[in-house]
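Two forms, one chain: they're shown below as structure tokens, one block per form, named structure 1 and structure 2.
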Structure 1
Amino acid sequence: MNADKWIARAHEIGLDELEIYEQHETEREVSWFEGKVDSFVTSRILGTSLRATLGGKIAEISLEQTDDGMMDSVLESLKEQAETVTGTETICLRKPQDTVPVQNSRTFTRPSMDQIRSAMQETEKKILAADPRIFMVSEIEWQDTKTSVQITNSLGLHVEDAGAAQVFVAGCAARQDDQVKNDYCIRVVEDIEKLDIDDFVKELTEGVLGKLGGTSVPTGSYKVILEKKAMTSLFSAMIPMFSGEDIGKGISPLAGKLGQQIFSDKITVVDDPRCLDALNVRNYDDEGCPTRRKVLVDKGVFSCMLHDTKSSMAAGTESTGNGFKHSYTSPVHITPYNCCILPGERTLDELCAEMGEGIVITSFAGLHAGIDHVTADFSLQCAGYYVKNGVKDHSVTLITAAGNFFDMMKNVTETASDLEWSYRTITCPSVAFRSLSISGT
């Protein structure tokens, strides 16, 4: 499509502003099951989303295919939609802003099908040979993607971002007596020839075997460490509380708490779409606003909320560059990107040694149903292992952790050094707590 023609025509028919958002994505997925390639799918998506404003009201439409012959019908549809918008909220598109983009240094080498097939075959054999209790390889998958986003609007904005990823995934199941457990492992792989399959299989099999033989514990208050994956999943479920829109509407538990101590002084939370340690960087959000590093929580003090253009206008402030789409067909939402709790200096083993006796939680279940996002109360089924004399003693299952997220986060004793981005845009290190209520036997 000719963006200049579309913008000129939008002005001719009376629209105030027009934005053209184009997303190009190529993807390849390969799955392996029982000794052979189970599926092989390639896809290529070129999608376009248009946003137009009229009298401060905004209309949006998404199209799989666009050409200049559709111009009049699409723009007239946008105008009609904008004229029917009700409500008092207004919005405008972004003007260009000066910024210095950063460049991700990751280089992905796209493997051949023979290389993928060989890695999958070797992985399956080594998983099954690792331990007689492992009876099934439930999944082995490869996925590589390339994505680019280009945004052009009638205010002179023209920006673009691009990203890529390659991931290798495997899962397996193990049985001991009448107990069956599952686990999976994901690795970001820049070059499949350099993938350490032995190390990958070791991480996967140790994870699933460590869940076997689990027992419950008596109900009570325990010293607890949330291992990095468990901490990440819980923190990710709570992350909408930093939305400036929700805070402005009073539906976030952080409403009215800016500048107040909300967590322990051991906790600092940073959101940085330009973080070069993460898988991908974004120099611009999906409205074309330059991104930047923000400290959301500074040593326990709530110091910054997240905004897109709409919420920042309502709050009388500037966007933080956190207006992102889940896909070209979805609307802009306030979304953290490369957000983390900063790590400490001690290893998880050192935190266990310092704890002496307690529980390490490695996974949560029911995160969507077990959290009250208004009060931040939670009650979640979880599993992990019991620590005695500073080392792992036995696995723990069929327990429930309950409390209030803010009370818990004020009760932090230390953060570990094991922060890992991998494929995530939200991540945490392992975190130790003085106490947490556990329901068991």
Structure 2
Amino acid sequence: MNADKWIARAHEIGLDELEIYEQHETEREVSWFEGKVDSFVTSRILGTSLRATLGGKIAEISLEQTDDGMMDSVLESLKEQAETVTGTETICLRKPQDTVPVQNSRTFTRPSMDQIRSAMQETEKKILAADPRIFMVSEIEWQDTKTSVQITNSLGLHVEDAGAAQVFVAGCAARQDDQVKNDYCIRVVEDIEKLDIDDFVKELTEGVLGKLGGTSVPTGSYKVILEKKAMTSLFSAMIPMFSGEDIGKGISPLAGKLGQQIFSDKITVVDDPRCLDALNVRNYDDEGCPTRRKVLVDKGVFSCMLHDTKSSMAAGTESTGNGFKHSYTSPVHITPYNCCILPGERTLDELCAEMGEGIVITSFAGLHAGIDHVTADFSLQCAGYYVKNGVKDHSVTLITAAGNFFDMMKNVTETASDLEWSYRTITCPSVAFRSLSISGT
């Protein structure tokens, strides 16, 4: 679109500022089922989102096409929207800021369909050959995406950012007696020719076989370790509490707690969109604000909240560069990017040995519903395995873990060394806790 023309027209109809956000995305997905390609999905999307301010009030609209013929109706809509806003908070768009961008050294080699088919065929064969209890390969999927973002505004800002990903996913199901269990495994793949299929299949099949024979446990309080995937999923679900907007409005459980000890001193949380170990880096957020590394929790002390432009202006501070959009169709939302709990020094096995007897939780379910985000209370279905004499004894299923997230995080005994980023933008190592309420039989 002709940005200058739209910006000039926006000023003519009385808008103060205009921002044009353009996202270009291409995607390919291939899935495999029972010996052949099951589905193939290809897409090419160019989408636009416009934000405008009027008297410090902001309005937003997303569009698929942006021909000049619709310019007036779109800009008038933005004006009507901004005039509706009656809240006292104000916002202005971002001026250009100097920053030295970083670049991820990761390069992706886009495979041919023949290469994808061949990898899928081999994977399926090896999963089914791994153990007679595995009766189904429920999914094998390849996905490659490329995304680029360009932000231009009437204050002279023009920034660009880009990202890419290639992932290989497989899932399978196993049966023992009448019990069926399933699991899946995801790998980021830079070059499909270098994918270690044996290792991938081993991780997947060990995961699903390890769940078989699971039983519940008597209701009670147990020593618990949240394995890295479970810890990551719970922490990811809790992360909105760091939103400067919700804290400012008093509806985050972190409201009024800046500078206070909120977690155990074993816990340090860092958000760094420029982290080179992660899948992608972002030099700018989706408002064009340069990103930077922040320590959100420093040895248990709440030291920094996340801000976008609007929440930072309401709080009288600077944006932390965390105003991100899920896509061009979504509004700017305060979101961490490449955020992690820093790892410790010992392995998960060593933490189990230290625990002696207790439960390792490997997965949670229902995270979208089982958490009260005002109080940080949670009650969640989970599964894992029971540890006796410091080693895995048997798998555990159909139990719930319940408590208050802050109480739990004050009870941390140690973090493990097993942090990995893979495809995630939020990640955690395994974490050991003194006790947690478990409900079972």
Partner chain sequence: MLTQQELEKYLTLCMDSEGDFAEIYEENEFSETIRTLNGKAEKTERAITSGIGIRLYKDLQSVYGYSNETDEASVLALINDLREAVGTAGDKAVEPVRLTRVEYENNNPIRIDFREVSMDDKMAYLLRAYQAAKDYDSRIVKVRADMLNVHQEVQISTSEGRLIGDTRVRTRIYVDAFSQEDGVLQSGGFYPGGGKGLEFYEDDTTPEEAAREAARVAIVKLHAKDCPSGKMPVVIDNAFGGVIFHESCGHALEATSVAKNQSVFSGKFGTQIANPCVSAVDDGTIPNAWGSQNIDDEGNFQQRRQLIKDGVLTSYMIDRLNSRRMGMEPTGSGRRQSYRFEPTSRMSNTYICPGKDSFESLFEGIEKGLYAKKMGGGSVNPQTGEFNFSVMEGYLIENGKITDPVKGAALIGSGAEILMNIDKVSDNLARGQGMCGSLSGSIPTDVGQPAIRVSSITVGGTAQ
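Reference numbering: structure 1, starting with residue 1. Here, rigid core means the biggest group of C-alpha atoms that superpose within 1.5 Å across both forms. Just so it is clear, the structure is predicted and the values come from calculations on it, not from any experiment.
Each of the two structures shows the same chain on its own, and it is structure 2 that derives from the form predicted in complex with its partner chain. Put the two forms on the same core and the Cα of R424 is off by less than 2 Å between structure 1 and structure 2. If you fit the rigid core between structure 1 and structure 2, you'll see the Cα of V37 move by less than 2 angstroms. Residue displacement note: M231 has its CA displaced by under 2 Å between structure 1 and structure 2 (rigid core superposed). Aligning the rigid core leaves the CA of D67 displaced by 3.1 Å between structure 1 and structure 2.
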